[in-house]
Each structure stands twice: as structure tokens, then as C-alpha cells.
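Below sits a lone chain in C-alpha cells, taken as the form predicted alone.
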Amino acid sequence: MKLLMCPPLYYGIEREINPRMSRSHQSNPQLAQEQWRALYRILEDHLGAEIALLEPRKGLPDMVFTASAGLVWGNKFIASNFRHEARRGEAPFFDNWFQVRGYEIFYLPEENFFEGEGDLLLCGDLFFAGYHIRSGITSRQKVAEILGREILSLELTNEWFYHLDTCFCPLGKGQALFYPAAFASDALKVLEDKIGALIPVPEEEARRFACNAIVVEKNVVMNDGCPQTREKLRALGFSVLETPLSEFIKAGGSAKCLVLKVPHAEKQE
């Protein structure tokens, strides 16, 4: 597996664009860097992931959350249209990174908000798209046309779980973690109809971003302090690797938010 990460050199709480973010409750820069490096080491040393790095840019503290940069599929990169202006400055740097490496770049119409892998996840061979809070429902059809795949829409209703990857974690075909209270009733029905084994996460652990985990085959990397979810995963045969990510949760992100999956393209570094 190849992942794109961005070191937290300029990371900090400089704006408030989700309920978790508070400029009066700042992250600790040194601790944030230590936690990020620990996650990096787990992915590279323990799970054998290939990590590519994007150069951080001053004034763009949220670049560290690479998952919402866009979606990579084959040699296609579908660039995000961030809802909040505070994050739009990141887009050219992400786009350029993929362009120089041989990816075909796709842009959605400006009015179609789309926040990449933060709101579009693959479970088995099914794509699920979260919408309402960050990504718009109209972006789903545009992305489906580019991918040539059906995408199932899931309405998110809880501002604390603003991206799909904060409340839904595919584990493999027919299996996923989810936090039921983050979804509209119609979305819950879609999940129940399409995924055979839905594992609910308790509220306290959902707020510690138990669903915002990185899955590599039968390994799950997640924030610490989620014992019930950990035991459920182990009962399903997963190896669970916990690492503290408190400084990123202050900004509304955790393990999954810090990585973007990058499949092979025609040109590589």
C-alpha cells in the first residue's frame, strides 16, 4: 500500500471550521510532531506501507490531513473542492503533486463541494459517499461519471462527524465499523442493506475517532482509548495497533485523516 502524508510542520488550530476546533484549545506542536512520527513508523515499519511525503506549506495548517485532498483511482486524481475557503489554498499543491507524477487530474464544477477520501470510501467493491456537511450530494454523480462506478449516498446529520471517514470505517468486503447516530435514517437503511456485518461503535469511542482508522489487510491502526472497538475488531480476527493522536483530534482528525491512499500510476517518483 502506498500512502501520501504531510508532516505537521505548520499544523495548528488557526481557524474554527468544525465543532472540535477551538483557537483557545491549541495543539502542542512538539507533541503533534511526535504523534505524527509514531503513526508514520507504525505504517512503514510494522505494516510495510510505502509513504510518500508532501511538502507542508506555511499558512496551510490543515494540509496534514491529506485524506481530504481528493480521490485517487488508478491513474486518476479527482481534486477536492473544499467547502471552507480556509482549506482551498491547499488544492494547487496537492494537484501539482499528482500532476508531475503522471496522474490525470479531474476537476469538478466549482459549485460541487467534494472533500475527497474524507467523504468517499470503498467497502469491498462498493463506493459510499457522505454528503450534506462538507461534500454536496451533487458531486456524487460527477465523481461516479469519472470513475465509471455506482456510488451510494449517505446523508450525515451530526456536525461533530462532518466527514464520512469520521463515522464509517470499511474493514473489507461486507464489514465496516460505524457510528449510527451520525447518519440520517435513509443512510442507515442503505448501510444495513449493503453491508452484511456492521459493527456499531459506542458514542464515547466514536468521539475519540474509533472509526477514523487505517485498515491494511487484517491490521487496523487507530487512536488509543477505544477498548470496546478494539476488542470487537480482535474478535473478527484483526490485529489492532493503537497510537495516541490527541493533538490531531483537537482539529477534528485522527489516523485516517492523516493519510491518502495512492494507487500506482503511470509515472512514479
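As the structure is a computational prediction, the values presented were derived from the model and not from experiment. Numbers for residues come from their place in the sequence shown, where the first is 1.
The following text describes the form predicted together with arginine (ARG), which does not appear among the structures shown.
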- Message: Taking arginine (ARG) as it sits in the predicted complex, is Thr166 near enough to touch it, meaning that at least one heavy atom pair lies within 4.5 angstroms?
- Response: yes
- Message: If we define contact as a non-hydrogen atom of the residue within 4.5 angstroms of the partner, is Leu9 a contact of arginine (ARG) in the predicted complex?
- Response: no
- Query: Can Ser246 be called a contact residue for arginine (ARG) in the predicted complex at 4.5 Å between heavy atoms?
  - Reply: no
- Do Ser68 and arginine (ARG) share at least one heavy atom pair within 4.5 Å in the predicted complex? yes
- Identify, from the list Tyr162, Phe77, Phe178, Phe183, the residue with a heavy atom within 4.5 Å of arginine (ARG) in the predicted complex. Tyr162
- Item | Which of 216-224, 238-246, 196-204, 58-66 lines the interface with arginine (ARG) in the predicted complex (heavy atom within 4.5 Å) | 58-66
- Item | Interface residues of 80-103 toward arginine (ARG), as seen in the predicted complex [heavy atoms, 4.5 Å] | Arg87
